[in-house]
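Just the one chain here, the form predicted on its own, laid out as C-alpha cells.
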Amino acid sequence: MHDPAALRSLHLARFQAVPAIFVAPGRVNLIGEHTDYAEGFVMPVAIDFATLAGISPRTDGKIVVYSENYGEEKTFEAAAPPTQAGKHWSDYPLGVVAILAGEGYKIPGFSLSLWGDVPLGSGLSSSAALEVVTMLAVTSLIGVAIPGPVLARLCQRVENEFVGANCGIMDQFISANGKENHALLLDCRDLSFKLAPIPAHIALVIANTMVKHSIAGGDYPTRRRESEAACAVIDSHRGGVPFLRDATLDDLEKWGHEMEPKSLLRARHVISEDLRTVAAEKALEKGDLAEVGRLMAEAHRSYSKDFEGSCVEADLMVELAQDLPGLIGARLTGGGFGGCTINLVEQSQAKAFAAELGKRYAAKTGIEPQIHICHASGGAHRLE
C-alpha cells in the first residue's frame, strides 16, 4: 500500500474528508558510525521505504490519529493533549503536537491517517520517518513553512523531550533533507551539509542479520565514555579539543600511551571514521566508486576491531558479500552489535546478489535474513 491514492481512499472512508498526503523516507547510514556525539561527520542516505500521512481538519476540537500498520485509532483533545509519553506508537505524532504547541503554535483539531513500510526494529529509522511526516503534515495544516534543517531539529526534540530517546539528529535530518540519487554529508557540529551523488545504476542492498546483541559493559554508554576519556587526555595537553572531532591521529601517537587501551582504540575509530566519511563524499563527487568501496571496507574493520561494535553475525554477513558479483562495498551500519549491513551493488546484479547473500548467510547461521533492495530517495514532501 505504498500508494498515496490508497491512503487517500482509506482516510476518506474513515473520516469523510479528503486529506492532504505527505511522505517521509527512512534512512541507512552509508558511512560514519559513532561520530555524531563527537560533533563529527555522518553520511546517511534516504531510502525508498517511507511513511505516508494523510491529514484533514476537524471542527470538533479533537485530534484523531489512525495507524493502518497497527489497525488502531487514538483520540485526544486538541486543547489539552497528553504532555507525557505513554509508551505507545501514538507518542510520536503526539510528541509533534507537544513540541509545536511549546513553540507557541495553536494546534487545531485534525484527523491523521498513517501508513508506512519502513521495517520496524531494523535500524532504518521508522520512528524518524513518522516524526518528520507528521511534523510536515501538521505544519502544513496550520499554514507554517519550516525549513528542512529546522524541522529536523524539532523532530529530534520530539524524540529527546517527549518520547524520551537520547538520539542524535542524523535520522530526522536525512528524512527531512534527503535528495534522490544522493547521499548527504552532515556536519554534526553546525548542521551544514553537502549532497554527494550516488549513480542511478547503484542499488543499496540492506541485509538484516536478524540479531541484536546486548553486550554487558560494551554497549553505547560505555563506548561513549571510553571515547570521551581519550578526548580528555588530548585536551589536557594541547587544549581546544572538546570533542574527538578536533583531535588527530597524530595526537594519538603522542599521547595514546596515557590512555586506557580501550579508550585509545575507540578514539582511533572515531578520528579515522571522520576522515573516511569526508573522503567518501569526495570520492562520490569524483565518481570513484572503487575508493568508496575501499573506505567502506576500512570502516567496517575499524568498527569491528577498534570500536568493537560488531558481532559474529554482522562480520559474517560482510565477509559473505565480498566475492559476490556486483559488490562495490559492504559494512555494518547503524548502532552496532547486530542489525543491518549496507552493500553498494550494481543495480543489474542486485537481485542475484541479494538472493545469494541470503542463501549463504542462512546456510552458515541457520537464520533467514531479511534483505531489502533500496535506492537513494528524496526527502519528505507533499504528494500532489
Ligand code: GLA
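The numbering used is simple: start at 1 and walk along the sequence shown. Fair warning: this is a prediction, and the values are worked out from it, not measured in the lab.
Another form exists, predicted together with alpha-D-galactopyranose; not displayed. Remarks below refer to it.
Of the heavy atoms in L265, none are within 4.5 Å of alpha-D-galactopyranose in the predicted bound form. Remark: G335 counts among the residues lining alpha-D-galactopyranose in the predicted bound form, judged by a heavy atom distance of 4.5 Å or less. For Y220, a non-hydrogen atom is located within 4.5 Å of alpha-D-galactopyranose in the predicted bound form, even though that partner is not displayed. Though the partner is left out of this view, M170 does reach within 4.5 Å of alpha-D-galactopyranose in the predicted bound form, counting heavy atoms only. Note that among 56-64, 344-352, 318-326, 28-36, the stretch whose heavy atoms approach alpha-D-galactopyranose to within 4.5 Å in the predicted bound form is 28-36.
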